[in-house]
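In the block that follows, a single chain appears as structure tokens, in the form predicted alone.
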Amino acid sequence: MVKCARCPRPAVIKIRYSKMHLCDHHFSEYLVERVKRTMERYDMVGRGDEILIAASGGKDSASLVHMLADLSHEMEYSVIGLHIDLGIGDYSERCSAKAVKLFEEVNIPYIVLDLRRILGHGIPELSRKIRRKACSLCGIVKRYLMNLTANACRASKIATGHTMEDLAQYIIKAFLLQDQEQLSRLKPVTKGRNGLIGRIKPLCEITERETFTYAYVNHLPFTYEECPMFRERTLDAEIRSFIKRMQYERPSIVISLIRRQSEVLADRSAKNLIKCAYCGMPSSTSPCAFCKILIKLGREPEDVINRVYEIAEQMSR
């Protein structure tokens, strides 16, 4: 039995880049402190910020919600939870149940958006109706609704549960494809303006193994399932495999990549934006990608916007 580096209790995890074994209690303390330092390093939050935390029901966002709620008093910001029910059968029902249970356990106000109530269809039906791949469609819908909800509840930041592996995978893929616009957005913090709410990624220096261990030892409600509609592309899988090998052989190299990426590229995420002629939200095109979906469905943007604002006004406080 390997003992914790800070007490006689058994260790639950080895932190590879620091070569340190920690028990459940000291690991939780250690990870919360690391997330706090990450938020300070990238200047993610300020006093009085209202942070909308997007929670899917999985381990990463469960850990994010728990840690941000824990740090909110010390760092003097407030938090609101957001879960988007994607309407993917029993899977979405289980994800929603886990997310709501977590919000209530940490005692924060929250909003649940059900795509079937807002758009009349879940992701599977939308994918068939407009003949677009489910994962691509899901990304468009979630990004739009997160930004719309943040505007509705006057949040100053949106926090997402992207881990170190997520961010590194996107950076390497964008570099290989030489997608400079995408690269400029792949930073721990992106600034907002003109209705586009800024994004923060407090878990950008935390591994998936660490978020899983944190969620498990703290008995957080989360689903172990992967989305049944997810289909990983070959390039993504190869990059992910490469990242995992690098983390094992050179534990600090992925953190170095993320920190260097933040330093060298300017943030273009809110540049060259116009107002969508249909919904009035910031976009690089008009109609925006979300309104193109609505047009195909024969839905009015005003109806969707009003519905989200109504739900935000009725949120649990």
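Predicted, not measured: the structure shown is a model, and the values here were computed from it. A residue's number is simply how far along the shown sequence it sits, counting from 1.
Another form exists, predicted in complex with ligand AMP; not displayed. Remarks below refer to it.
- Here the chain stands by itself, but in the model of the complex one stretch of 183-191, 210-218, 68-76, 154-162, 154-162, has heavy atoms within 4.5 Å of ligand AMP.
- Here is the short version: of Cys288, Ala55, Val254, Val35, the single residue with a heavy atom within 4.5 Å of ligand AMP in the model of the complex is Ala55.
- With the partner removed from view, the residue among Leu167, Leu148, Leu86, Leu126 that has a non-hydrogen atom within 4.5 Å of ligand AMP in the model of the complex turns out to be Leu86.
- In the model of the complex, none of the heavy atoms of Lys173 sits within 4.5 Å of a heavy atom of ligand AMP.
- Ligand AMP is not shown here, but in the model of the complex it comes within 4.5 Å of a heavy atom of Leu82.
- Interface membership of Lys142, defined by any non-hydrogen atom within 4.5 Å of ligand AMP in the model of the complex, is confirmed.
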